[in-house]
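The chain below stands alone and is given in structure tokens; this is the form predicted on its own.
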Amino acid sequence: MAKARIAVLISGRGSNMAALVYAAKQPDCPFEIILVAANDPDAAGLAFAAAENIPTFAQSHKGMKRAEFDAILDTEIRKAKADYVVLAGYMRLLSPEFVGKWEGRMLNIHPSLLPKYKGLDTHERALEAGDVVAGCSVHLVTAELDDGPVLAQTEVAVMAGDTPDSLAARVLIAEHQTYSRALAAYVTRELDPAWMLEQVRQRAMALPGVEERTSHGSPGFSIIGSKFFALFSQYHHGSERIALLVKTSGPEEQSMLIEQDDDLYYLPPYYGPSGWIGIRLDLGQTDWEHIAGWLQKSWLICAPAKLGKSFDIAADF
């Protein structure tokens, strides 16, 4: 699998960005930093990135509307062909339009144990509350400030005599270690069989009258009291693939699909002669809308006529 391409947004020294750059130097790191962008041309982190031969972009946001500036930023990120956007001390609220474009592909690190202490002055607030632990959180970015799903956290003990500055210094060490691990785990999640199965499960179980049960040891999804319409295949029958098996209209469609894309589609052992097609899930960057469409189509093929008529699915195949 190709390394995930990461664009990092900073506003100042970019110490978390630097930690990600160093993590990316390791041969087994699943991501690479392909752009460092700042809303301040004087941000110190830009010089660091340039010294590490990482392309940079900088433009002041002053005098510009938020959405206007973010559109420029989005253009530069897409020019760099980034897969993900990572915020590393980016001290500017992002427009809903920008956040929407990168939904599920933008991460941030925050110096508190979310949902505690969203926003600024996190260390002061932790000390004022008498907390015995502080820490940091890596989360997905959503339209609401510091409110996205938390991906990872690290606790940091509060010591006697701590000041906001002394606590911040230790939390920053935790941030540098936590961010790279969380980012690596997130960009490789699509290679985790358990994650793949959960994505299939959510989409299959959203269809009417579906139950999950096993077939020859494989997780499967059937219409209650009727046939299987989907199977999750993980290295079964000597295959090295992880795939979704679904029903087709027959041999002609199977042949057409394999001819169309023989990396994605294949004829599964044992099930192929019965009209099933395998759709690989282990290639990275799976199109889950495409998978949802196939689950719907297979459900319709297998559903009893009365149930099928009650469920109107508009799908273009």
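The first residue of the sequence shown is number 1, and the count goes up from there. Remember, predicted model here, so these are calculated numbers, not experimental data.
From this point on, the text means the form predicted together with a small molecule, which you will not see here.
*Asks:* Among Ala80, Leu172, Leu127, Val150, which has any heavy atom within 4.5 Å of the small molecule in the predicted complex?
*Replies:* Result of the distance check: Leu172.
*Asks:* Please pick, from Ala182, Ile109, Met196, Val158, the one residue with any non-hydrogen atom lying within 4.5 angstroms of the small molecule in the predicted complex.
*Replies:* It is Ile109 that has a heavy atom within 4.5 Å of the partner.
*Asks:* Identify whether the small molecule in the predicted complex is within 4.5 Å of every residue in the set Arg203, Gly293 and Gln296, based on non-hydrogen atoms.
*Replies:* Contact check failed for every one of Arg203, Gly293 and Gln296.
*Asks:* Determine whether any heavy atom of Gly89 comes within 4.5 Å of a heavy atom of the small molecule in the predicted complex, and answer yes or no.
*Replies:* The answer is yes: Gly89 has a heavy atom within 4.5 Å of the small molecule.
*Asks:* Heavy atoms within 4.5 Å of the small molecule in the predicted complex: which stretch among 213-221, 81-89, 241-249, 67-75?
*Replies:* Single hit among the candidates: 81-89.
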